[in-house]
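Just one chain follows, in the form predicted on its own, and it is written as structure tokens.
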Amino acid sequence: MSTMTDSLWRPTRLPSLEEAAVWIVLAALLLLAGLTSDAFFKLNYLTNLVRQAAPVGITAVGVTFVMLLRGVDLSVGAIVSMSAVACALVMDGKPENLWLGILAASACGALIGLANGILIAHGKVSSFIMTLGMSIVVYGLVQMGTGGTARGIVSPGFRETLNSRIGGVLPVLVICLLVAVSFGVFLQSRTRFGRSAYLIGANPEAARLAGLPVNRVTVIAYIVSGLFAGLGGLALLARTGVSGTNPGAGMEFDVLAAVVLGGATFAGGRGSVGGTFAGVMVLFIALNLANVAGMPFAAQLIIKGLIIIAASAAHSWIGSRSGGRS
């Protein structure tokens, strides 16, 4: 048993080149951005860029664990939307409802994640089909609940606090993102759940034979993904101030791009929360550069898609070469 577990653990240790690749790309892109516009070398501009990335970054932390297990979660954009709407509706502009609204948003995310996890783990439903279908259901529920218009009012102080800057420099939303990333790193590296996710993703059948609780870990991973998407909805609500109808629509593609950029692959067992954070920043700096260059939204969509394709191909190539050397 121990020999099998040890052999399972080895593939989860990413090659140093693969671990460093996204950080090298981030440094090079930041240098290029700085040469294009000196605004990228200014602290306030950079922290504001990270603040803008907070909803996607927080959501991407949870999706990382799903992709470690060879899964995908296409429902996170819908969860972000529902969580933002639920929070605004529960708050109803009343200070005493502040924490209740935050709890409602978090619960929405976790419960949808639980439903995804149970049906995927125990119902043996494809994660792609399951989460795609769930996203459609959730978007429909949001539309029914809002009537197609912005509903709910955030409690006084909610948006003001999360959009403030500590010392006039560091945005609170940036701190929230860093806390989410730190907690994700802790889950990934210091808990049995995180270690099991790597093992199961690397070789599900061998992990099952080794006695690992594959179904339980799968359910937990989707709960974590849903919970972080709910928190991402809170971050988005804090940025916009209104719940909108489907404010998270399309966010799942930004999240997927960031996680793939960070080193995760659909083959499972690869990737890290730290890499995902770097992937988020690469994505947002690239899109910000496109804005500076005056590119239209359609061109930015093309860039986003090409980033996903290029990152996935690059990680597959690096992984195959490193595998061949081992």
Partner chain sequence: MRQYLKLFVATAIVGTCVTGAVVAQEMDLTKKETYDQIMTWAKEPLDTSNYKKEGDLRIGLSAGYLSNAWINFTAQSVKYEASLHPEIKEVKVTDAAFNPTKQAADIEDLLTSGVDAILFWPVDEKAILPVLQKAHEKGVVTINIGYNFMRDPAVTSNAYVNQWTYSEQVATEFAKSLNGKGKVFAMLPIAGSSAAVVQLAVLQEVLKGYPEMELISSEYGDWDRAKAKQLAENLLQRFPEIDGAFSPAGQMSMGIYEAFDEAGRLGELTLSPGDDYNGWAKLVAKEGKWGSVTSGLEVGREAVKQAVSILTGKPTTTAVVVPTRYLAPAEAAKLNEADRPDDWFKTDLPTEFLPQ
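From a predicted model like this one, the values you see are computed outputs, not experimental measurements. Positions refer to the first chain, counted from 1. In this text, rigid core is short for the largest set of C-alphas that superpose within 1.5 Å between two forms.
The same protein also has a form predicted together with the partner chain, omitted here; what follows describes it.
Location of the partner chain contact in the predicted complex, chosen stretch of 271-279, 58-66, 26-34, 44-52 [non-hydrogen atom, 4.5 Å]: Single hit among the candidates: 44-52.
Candidate from Ala150, Ala210, Val214, Val185 lying within 4.5 Å of the partner chain in the predicted complex - any heavy atom: After the contact test, the surviving option is Ala150.
Gly244: touches the partner chain in the predicted complex, heavy atom cutoff 4.5 angstroms: Although the partner chain is absent here, Gly244 would touch it in the predicted complex, with heavy atoms inside 4.5 Å.
Contact test in the predicted complex: Phe193 vs the partner chain, heavy atoms, 4.5 Å: Answer no; every heavy atom of Phe193 is more than 4.5 Å from the partner chain in the predicted complex.
4.5 angstroms heavy atom contact with the partner chain in the predicted complex for Thr146: Thr146 belongs to the contact set for the partner chain.
CA of Phe297, rigid core aligned, shift of 2 Å or more between the shown form and the other one: Phe297 C-alpha, core-superposed: shift of 2 Å or more.
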